[in-house]
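First, one chain by itself: the form predicted alone, in structure tokens.
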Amino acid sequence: MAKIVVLGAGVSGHTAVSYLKKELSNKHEIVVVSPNSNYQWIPSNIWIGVGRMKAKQTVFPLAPLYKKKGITYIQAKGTAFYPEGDNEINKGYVLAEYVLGGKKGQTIKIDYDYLINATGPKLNFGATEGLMPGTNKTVSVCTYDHAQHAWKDLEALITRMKNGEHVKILIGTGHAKATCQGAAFEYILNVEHELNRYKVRDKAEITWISNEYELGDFGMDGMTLKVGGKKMTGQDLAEMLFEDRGIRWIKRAGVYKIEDGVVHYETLEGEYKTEKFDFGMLIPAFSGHGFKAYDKNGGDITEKLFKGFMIVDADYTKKPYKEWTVQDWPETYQNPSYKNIFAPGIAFAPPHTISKPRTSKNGTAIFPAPPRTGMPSGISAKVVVDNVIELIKNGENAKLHKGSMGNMGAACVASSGFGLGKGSAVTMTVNPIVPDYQKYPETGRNLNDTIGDMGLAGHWVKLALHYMFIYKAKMKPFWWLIPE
């Protein structure tokens, strides 16, 4: 019998739990440790943030599902790792702190045979002065409760516009090294669509602000894709969409401070500028959770497990950007020091940036961090599950499964509006996520698999994916037939 502990119940964590339960017999114990009481389908937060969906349509409680499936669920927040155990427990364990009820604040030891760290990112709003959602006229769509507040503020702004007031809307990245540009990109398209629907578009100046060197970078160093059989860069596509919708843009901007309706940012040229706004949605920096790790004697071994995020089987050697390759990226997501610990999705430390690193004339790094959300999170979680099962069955003779972002494809459907007849979407697929210039010298990617399209059909896909992945997450009959 093996005990598998999964930290986190987001896309990676819940995916891992689902497949573990499907593939392992009941003699094995699966334990989920998460501070969150609900599962949330994060891509649909965009629609909550413009009032087109309710939070209850995108979330469901975890406890009843896990109880029904025979999965142990502990609502607690992981705090420290003891991969060697101690004098009381002769195998690895984690410390976690209860977050609710009469046990709130109490610490629990949770031992394991295998540990999957799927804690994802810390939404590091504090890395940018004044960015906390609900303050200084800023909101967020990173969680469903944030998105609800975003719609409340946007709805109030629309009322002001209906009364004849002209406003400024600012959407993009709120830190010089923020990632997840795709979520902000989708939100700005939806906000613009809704203002048209409410017939107040002429009352708003909408501006995109980003740390991208060029539009359409998305933390992947941009892309060349086929749209309608013709080559187009991600930059051309993004600029075309913004120009068609009258959205102005500010790029190469490192936001470092927010005041009441004023964003302060630094440019790559070393200039310090400001932009005023009445409504701002700025994606924060992502960071690790600050976990500590200790050996059997209580010595600090954090550096064996973490580089901000968890260390896995990547090449973290420092080298010039031009020398980085897809071979540097992890394949098994296994920690090299402790072979029974894995970290899929955003929880693993990327070996390097994908987009070219750039610094301002003042020495400030201004470029996107690598994205690991969405499909990569789900796929890497499935790889980790396969590896845990392989280790359980074959021990030292196990042959681990591999799934690098250097040979992994991903799809993104960015909606623009909502509804069966009036919605639209930009659909993009990219393969591989990390460009491989040895295999594809021209663009780093397979142009037959890196394609784009725009229109109503893409929106139908986005809407269908919402219901499909909620169904999958609830582990309904034959859920595993729905791909990651």
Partner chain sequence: MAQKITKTQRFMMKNWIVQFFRFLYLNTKILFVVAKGHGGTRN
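Positions refer to the first chain, counted from 1. Note that this is a predicted model, so its numbers are computed, not measured.
The form predicted in complex with its partner chain is left out here; the points below concern that form.
Put simply, of 327, 196, 317, 362 only one has a heavy atom within 4.5 Å of its partner chain in the predicted complex, and it is 327. The partner is absent here, but in the predicted complex a heavy atom of 454, alone among 65, 55, 31, 454, sits within 4.5 Å of its partner chain. Of the candidate stretches 66 to 74, 22 to 30, 35 to 43, 442 to 450, only 442 to 450 has residues with heavy atoms within 4.5 Å of its partner chain in the predicted complex. In the predicted complex, residue 430 approaches its partner chain with a heavy atom inside 4.5 Å.
When its partner chain is considered in the predicted complex, residue 404 lines it closely, a heavy atom lying within 4.5 Å. Taking non-hydrogen atoms only, residue 243 approaches its partner chain to within 4.5 angstroms in the predicted complex. Contact annotation: residue 379 falls within 4.5 Å of its partner chain in the predicted complex, judged by heavy atom distances. By the 4.5 Å heavy atom rule, the three marked residues 13, 92 and 123 all fail to count as contacting its partner chain in the predicted complex. Of the residues in 31 to 69, none comes within 4.5 Å of its partner chain in the predicted complex through any heavy atom.
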